[in-house]
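Next comes just one chain, in structure tokens: the form predicted alone.
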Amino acid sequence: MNTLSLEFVQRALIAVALAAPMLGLLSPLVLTRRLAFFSAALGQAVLTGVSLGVLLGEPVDAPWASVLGFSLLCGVGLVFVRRRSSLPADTLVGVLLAFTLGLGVLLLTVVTKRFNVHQLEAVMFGSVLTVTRTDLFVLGGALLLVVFVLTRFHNALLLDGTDARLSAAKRLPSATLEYGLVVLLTLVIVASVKVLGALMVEAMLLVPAAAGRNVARSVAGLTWASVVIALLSGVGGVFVSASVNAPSGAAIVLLLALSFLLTLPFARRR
């Protein structure tokens, strides 16, 4: 049987075609602002929000109000503390990562006494092969939001993240830009994690730009390379997953890692 003739594979490809460009567009901003661990911390916050939502009485298969609320609280709170603290950003992110992981494990232990942990697996880890039409609409809306924001503010976000002095000289609203980017990242992660899983979202927010940086010679080239690498790895991972019955998220993450390794020789030549 032709793999493309399967309806769940077709939906998975559409989901990847929506999510990969969205995460690929944000990946250079995550890289230049040194937010790699931040995306991991938000991924942990999503898992904690799932457990918290179930404990508060939300549906087991859709505790999204608590997920979004807790993730936004963590993201905005981190920026608030970072802008008022002399501690390095990675130190603060490490504290947030430890907090969300510890709280998530504690809440998950309580939740599994009331529900089977397998009921939460789809929400926590996602599966691109089980995507629904509602998931596709959510991803489509998130993609349109990312395109709209970056069309208007990409240069300002990039400048503010790479050269704070020049950004201040141009009187860019640094605080507004940082808070806005964190809120956008949070919305995108929450929209993507059910479909793609936390591990894959974290990888797609970091690896495409890291691999693209090995071959790109300009900011525009980095952005396009990031999108292409994310899209090719996503589509390839879906085919690998459907062909050998492997976890889709793991297959996509491995292809992302492979893309980084394959582009390393180009970085050395340059």
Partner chain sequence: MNVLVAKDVRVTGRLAPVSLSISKGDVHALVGPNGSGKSTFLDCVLGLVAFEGTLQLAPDVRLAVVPQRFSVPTLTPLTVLELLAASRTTRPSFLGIGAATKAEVVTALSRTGCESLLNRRVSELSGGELRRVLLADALSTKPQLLLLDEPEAGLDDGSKQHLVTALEQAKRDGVATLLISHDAQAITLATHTTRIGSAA
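Numbering follows the first chain given and starts at 1. On a predicted model such as this, the values are computed, not experimentally measured, just so you know.
The same protein has a further form, the form predicted in complex with the partner chain, not shown here; the description that follows concerns it.
The contact with the partner chain in the model of the complex, taken as any heavy atom within 4.5 Å, belongs to Thr162 out of Thr112, Thr91, Thr176, Thr162.
For the options Leu31, Ala242, Leu52, Leu68, the residue carrying a heavy atom within 4.5 angstroms of the partner chain in the model of the complex is Leu31. Stretch-level contact analysis of 7 to 15, 243 to 251, 20 to 28, 257 to 265 against the partner chain in the model of the complex, using heavy atoms and a 4.5 Å limit, identifies 20 to 28.
Although the partner is absent here, Ser85 is not a contact residue: none of its heavy atoms lies within 4.5 angstroms of the partner chain in the model of the complex. Under a 4.5 angstroms non-hydrogen atom cutoff, the partner chain in the model of the complex lacks Val228 among its neighbouring residues.
Although the partner is absent here, Arg133 sits far enough away that none of its heavy atoms falls within 4.5 Å of the partner chain in the model of the complex. Contact check for Thr223: a heavy atom falls within 4.5 Å of the partner chain in the model of the complex. Residues of 138 to 168 placing a heavy atom within 4.5 Å of the partner chain in the model of the complex, in sequence order: Leu150, Thr151, Arg152, His154, Asn155, Leu158, Leu159, Thr162, Asp163, Ala164, Arg165, Leu166, Ala168.
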